[in-house]
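Next up is one chain by itself, shown in structure tokens, the form predicted on its own.
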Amino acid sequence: MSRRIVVIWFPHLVTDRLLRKQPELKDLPFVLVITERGRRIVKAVNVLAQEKGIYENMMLADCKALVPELMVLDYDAAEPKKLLNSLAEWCIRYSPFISIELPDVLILDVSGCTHLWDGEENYLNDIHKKFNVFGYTIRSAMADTLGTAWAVCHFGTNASIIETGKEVPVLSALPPAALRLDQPILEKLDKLGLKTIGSFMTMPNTALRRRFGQNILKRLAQAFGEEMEITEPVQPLIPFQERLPSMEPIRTAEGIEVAIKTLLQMLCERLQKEMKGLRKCVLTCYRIDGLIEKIEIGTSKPSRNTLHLFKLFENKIANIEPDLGIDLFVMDALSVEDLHSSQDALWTVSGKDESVIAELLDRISGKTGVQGIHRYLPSEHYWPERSFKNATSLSEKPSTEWRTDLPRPLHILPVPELIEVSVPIPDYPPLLFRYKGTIHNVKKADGPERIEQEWWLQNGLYRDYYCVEDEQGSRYWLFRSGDYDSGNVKWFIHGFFT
């Protein structure tokens, strides 16, 4: 399959955008100007002003003399790039590879895309139809090379489709400016009477290089496909991406579900071939009004099970607002990991299989948020608040065993909180304690359990822990820091059993 390039030129990019924002200007000739070296220079012209003989780079004084009623507005030099980037993002529905050429050109690599619109002619017609609805005047052309598409777009017939191998006869009739040559070269060609590309394209390379420089040979080679022209996409290509355009806008939840299932099937087939599993995925929905809707899912372990992944998306379909309809769905696997075939049979296992647990966690996190789910592993520390840690993944193995010989509360405070107690004699549990302004009378108690710091720490601190139960049946984990002989005793609450 040969490479196919579409060039879209916006002759009135900035002024068309202004008309979208201020429709009241549509019947007025106006220009956008900027001050350069003390002179007011025209940088953008609308259609009506152009018809009256106004063109870019004219001095404003000359324009006013020609068209006294001309409206003058300020020109923002940063706006063309912003507009082109925005339009390029919108055009993702037509091609995944789009680049810009300042100040007014979009370049689309449409290889393998046009069949989704039943052919190249329908493809270009749809582009023109959409931009006309948005109020943009465009010219376009499609060819095997960027150079040919650019030349025909600017100097040939609008919406032209150049067949493979037809570049020479098409380019030969166009002026030299169609090759994007520098102005000094164009002036030399004009002086020599070389008015078309065909008048010099068959000349020996040595003669062209000697008289006009190397750039003219480079542009000819690019136009005829003898040299590749590299462009930088606006959005980097994602290795695992699937696209699903729709000829009719999708407005219903059922239609969105069908699109998600189709994309997941396509994506998981690719992941299967690459022995990969999905960890993070984003669905981007391009609406016909130009707005974009996104939903994102993540998995605890790599997965390519379409049923499981769809269930994660299913919880978030209600967040998508199709409005007038969605005409393109794009699914990007932002993060993938190796996944061997033995890990792939997720729904045929029994017992406490890690994959089943991982999928359960994915479904829960899809409803409550991943920030609400934690897995803890034991850590080799004595102090209770340091005796456990957050696991980095579901497959992480513990470095030590959980301590099960003595009771531990379900909820441990990250920082012990100071309490007031009443103790009958040293080394006895308290009769009562005050916590957050509430007095708890102790009905039952067990302890003490002494926990000391690690031997390599020099402070030599220790704590005496007590399990106590108040009159309401609530159980708490208290400890005493220090001893009564030193006169520096403090009591703390550190956890809750119920």
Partner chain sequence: MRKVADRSIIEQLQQQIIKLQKNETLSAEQPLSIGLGTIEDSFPGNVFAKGAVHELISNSAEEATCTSGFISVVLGKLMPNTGYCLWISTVPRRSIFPNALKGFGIDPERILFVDAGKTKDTLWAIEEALKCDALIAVVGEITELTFNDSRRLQLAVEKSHVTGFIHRFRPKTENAVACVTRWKIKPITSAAGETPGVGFSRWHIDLLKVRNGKIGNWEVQWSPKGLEYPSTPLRVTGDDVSIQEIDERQIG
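Just so we're clear, the structure is a prediction, and the values are computed from it rather than from any experiment. Positions refer to the first chain, counted from 1. Heads up, when I say rigid core I mean the largest set of C-alphas that superpose within 1.5 Å between the two forms.
Separately, the form predicted in complex with its partner chain exists; it is not shown, and the next lines address it.
Exercise. Kindly indicate whether 83, 97 and 258 are, all three, within 4.5 angstroms of its partner chain in the predicted complex, using heavy atoms.
Key: Not a single residue of the candidate spot has a heavy atom within 4.5 Å of its partner chain in the predicted complex.
Quiz item: Heavy atom within 4.5 Å of its partner chain in the predicted complex: which of 294, 115, 411, 129?
Solution: Exactly one listed residue reaches within 4.5 Å, namely 411.
Quiz item: Which residue among 339, 244, 361, 185 has a heavy atom within 4.5 angstroms of its partner chain in the predicted complex?
Solution: The residue in contact is 361.
Quiz prompt | residue 475 within 4.5 Å of its partner chain in the predicted complex, heavy atoms | solution = Contact with its partner chain, yes.
Exercise. Report yes if any heavy atom of residue 195 sits within 4.5 Å of a heavy atom of its partner chain in the predicted complex; otherwise report no.
Key: So residue 195 does not count as contacting its partner chain.
Practice problem: Give a yes or no for residue 58: in the predicted complex, does one of its heavy atoms lie within 4.5 Å of a heavy atom belonging to its partner chain? | Solution: Although its partner chain is absent here, residue 58 would stay clear of it in the predicted complex, with no heavy atoms inside 4.5 Å.
Quiz item: Does the 4.5 Å heavy atom contact test between residue 202 and its partner chain in the predicted complex come out positive?
Solution: Flag for residue 202 set to no.
Exercise. Could you tell me which stretch in 329 to 337, 144 to 152, 397 to 405, 270 to 278 has residues with non-hydrogen atoms within 4.5 Å of its partner chain in the predicted complex?
Key: Of the options, only 397 to 405 has residues within 4.5 Å of the partner.
Quiz item: What are the residues of 374 to 390, in order along the chain, with a heavy atom within 4.5 Å of its partner chain in the predicted complex?
Solution: Counting only heavy atoms within 4.5 Å of its partner chain in the predicted complex, the contacting residues of 374 to 390 are 374, 375, 376, 377, 382, 384, 387, 388.
Exercise. Using a superposition on the rigid core, decide whether the Cα position of residue 442 changes by 2 angstroms or more between this form and the one not shown.
Key: Where the cores coincide, residue 442 still shows a C-alpha shift between this form and the one not shown that is 2 Å or more.
Quiz item: residue 74: CA shift of at least 2 Å between this form and the one not shown after core fit?
Solution: No, shifts by less than 2 Å.
Quiz item: Can a Cα shift of no less than 2 Å be assigned to residue 427 between this form and the one not shown, given superposition on the rigid core?
Solution: Yes: residue 427 shifts by at least 2 Å between this form and the one not shown.
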